[in-house]
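First, one chain by itself: the form predicted alone, in structure tokens.
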Amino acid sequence: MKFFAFHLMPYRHLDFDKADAYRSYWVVLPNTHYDPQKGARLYQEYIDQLVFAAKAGFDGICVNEHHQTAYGLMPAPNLIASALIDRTRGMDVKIAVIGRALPIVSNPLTIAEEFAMLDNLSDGRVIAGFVRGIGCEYHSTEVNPIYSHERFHEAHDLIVRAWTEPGPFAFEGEHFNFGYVNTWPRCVQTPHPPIWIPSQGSGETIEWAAAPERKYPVIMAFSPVEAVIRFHESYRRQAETFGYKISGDQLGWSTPTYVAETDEIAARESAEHLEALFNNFFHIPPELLFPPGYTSIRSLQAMLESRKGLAASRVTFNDLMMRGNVLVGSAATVREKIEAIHAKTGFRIMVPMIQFGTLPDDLVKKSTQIFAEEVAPRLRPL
């Protein structure tokens, strides 16, 4: 099993009392609630946390993309990835951008170029994650969500061809057209950087990612344990319909994670910060999260099931623990919970979210260190 430390980079200094006057912390929350002086320091704090995880022994460190929200301060994750590459030079650690939202860009070739540059700057340590972006991103960018799937697949195909086919060549699609595709520089990794697909339970995602020509790892995120197990099993069954047996390297699990000396200490230190993540930062009304046409009925049902119980006015730490939305406890407890899911699905990519909500720097590093020293080493042979 391999371990990748994941970070959302939230604006943890947000005044919740003032922000609660708005219907969401996404899209409609005025940016006057952001203090640039505090934000500038947060970027350095968060980059330091990921570098700390790399030095502690994680196999990789991960960032992602969100727009116009206090939930995550990375509208351009390639910039953070570049800083991480420089800070981890000489280290055997992957830099994963999971992921870039392909449908909301007007020129997917810029993403192909960015990742090719990052692959060169890192000497082949980059993992490319591709997503459609959650519904809020379509309000932020004014891209029609009806074409989300079409634009995602077309952008993906263009990027992969740009990485692997000699240029220049022409690309003609329904949404993107280029007379000359001739990406400079070329990727260091061959045929291209690994591609991961984060998901919250979409059936179409499983079917597409599992196709024999792709076999992309799918990382299940923000879901109860039962939903993660069902999702992994769905991927396994889909692979069988394609005529091959799945590898555990195609299955991942990402969840907010906190480890301390005992279960009681872990709960006491993490509870308020986890509640802030789910009750405040992730408060999104349905009309922003699921704009019309964004997803099929089948996938909408699966995603709503994965978010079961989170639509209530408030969720408590005990609610999150009971549903398995978070991974909290002593090193022994956290190991046992990971082992239990591995025994059922065989997944081999673990992506703990090392910082969540308002969790401060000292607790982030404490938990990260314990995970790296007392959890990961015992589970690597799985």
Partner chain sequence: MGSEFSLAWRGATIHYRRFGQGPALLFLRSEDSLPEAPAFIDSLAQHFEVVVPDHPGFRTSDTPGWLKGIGDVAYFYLDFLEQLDLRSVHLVGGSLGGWMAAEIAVRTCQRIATINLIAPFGVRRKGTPFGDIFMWTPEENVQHRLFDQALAEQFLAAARAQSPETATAYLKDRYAAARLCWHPRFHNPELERWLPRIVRPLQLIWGDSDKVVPVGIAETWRQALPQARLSIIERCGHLPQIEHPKATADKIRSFINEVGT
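Positions refer to the first chain, counted from 1. Only a predicted model underlies this, so the values are computations on that prediction, with no experimental measurement involved.
Separately, the form predicted in complex with its partner chain exists; it is not shown, and the next lines address it.
Proximity to its partner chain in the predicted bound form, defined as a heavy atom within 4.5 Å, holds among H139, K94, H153, K215 only for H139. When its partner chain is considered in the predicted bound form, only one residue from E240, E233, D123, E287 comes within 4.5 Å through any heavy atom, namely E287. Proximity to its partner chain in the predicted bound form, taken as heavy atoms within 4.5 Å, picks out 139-147 from the listed stretches 205-213, 124-132, 139-147, 156-164.
Interface membership of G293, defined by any non-hydrogen atom within 4.5 Å of its partner chain in the predicted bound form, is confirmed. In the predicted bound form, its partner chain sits beyond 4.5 Å of every heavy atom of A40. In the predicted bound form, none of the heavy atoms of K18 sits within 4.5 Å of a heavy atom of its partner chain. Within this chain, A332 is remote from the site of its partner chain in the predicted bound form, having no heavy atom within 4.5 Å.
Residues of 9-26 placing a heavy atom within 4.5 Å of its partner chain in the predicted bound form: R23 alone.
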